[in-house]
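The data below hold one chain only, encoded as structure tokens and taken in the form predicted on its own.
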């Protein structure tokens, strides 16, 4: 009988993170100081990040050791299981094999703890007392709240207002671990007040929440900023996912033809795919697919250029696929994918043809989520359901072609706290929304022009 659940021992937890910056065919363009348009220096970043994080952000070293204290906490949920989706395969009558890495087994219910623990550890080592951050759907905020409770740090979370209202149990989860949660935009920061003055009913965005959190960190000496996606060090920490996948697939003598991850900022996509992209860069036949919502189509419709990572323009300028830093996506239920840009590493790899990008509407994503729930038993997070939709489509294509392939996707979190989203879908209240090209062009027209 072929295995359903493929597990590793705690001794198999990776001892090093993989840094894809060491192997990217095209080096990343440097972050720029928005005032001077010159490459930003480590000293300029030290106002909001500890130096250990800054060193990881700019490193081109292939392997970076994981501190023992972080590994000790990882053992609470790592190694996470890899599942063979036998029941889903049968429902689809596909000749392909479908595997999913299940990150929902972490205490916070998603992959975000892989980096929240690391970031809290490095901030504690640097003597920081408080961390300010943003969260979209609440998964990142929950993960950092948990990490703060482990390391005795105060956590302030600016939660995108639409998600704050849609997902009260995420807020309660964060508060249960001791975090302070504020709906964004808020009246607690200059950037939040400015936005509310223009639009009192603003639903918020990750870009706005980032601006508020960075402002708090930059104006308080005992406070640093932390984020759950986009930057190099975050994707670095997530590579424990793909490194474990490789070991697990070796146990069943298999290797993926396709690796799939949903993509908002890029952390879970990078986590599952970067260790495999190392093989692809070195000649292995492999496809990697980033899946995003049609309502926030950063990789499929955004432009590859320098832009701010936040709405107020407080971050360095980064080279990435963007819809414009003041882009406000509609209030879709996959709140973790409502970001105007993507990780510079992911964007450059898309530019180089090493990662494909695909966008789906909400209705087909929830349809796939319910099929997965009924066959595999896990109700997935709406964000992760984008990857499920793509995996199902790839399996159906292989059925039409009569060619078996091995499909791997990252189930980055469970949907147990997303019941309002499922209720809306089951009641027929969710509609598809494809963001108009004209509004995207208008947003992009406001970007700085940098050669």
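Residue numbers count along the first chain shown, from 1. The structure presented is a predicted model; accordingly, all values stated were derived computationally and were not measured.
As for the form predicted together with a further copy of the same chain, it is not shown, yet the points below apply to it.
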property: Residue 446, heavy atom within 4.5 angstroms of a further copy of the same chain in the model of the complex; result: no
property: Partner proximity in the model of the complex: residue 87 to a further copy of the same chain, non-hydrogen atom cutoff 4.5 Å; result: yes
property: Proximity of residue 356 to a further copy of the same chain in the model of the complex, heavy atoms at 4.5 Å; result: no
property: a further copy of the same chain contact at residue 374 in the model of the complex, heavy atom, 4.5 Å; result: yes
property: Which of 165 to 173, 227 to 235, 312 to 320, 271 to 279 sits within 4.5 Å of a further copy of the same chain in the model of the complex, heavy atom basis; result: 165 to 173
property: Answer option from 75, 125, 364, 190, heavy atom within 4.5 Å of a further copy of the same chain in the model of the complex; result: 75
property: Contact assignment for a further copy of the same chain in the model of the complex, among 378, 368, 181, 286, heavy atom within 4.5 Å; result: 378
property: a further copy of the same chain in the model of the complex: contacted by all of 29, 308 and 327, heavy atom 4.5 Å; result: no
property: Contacts with a further copy of the same chain in the model of the complex, stretch 128 to 164 (heavy atom within 4.5 Å); result: 146, 149, 150
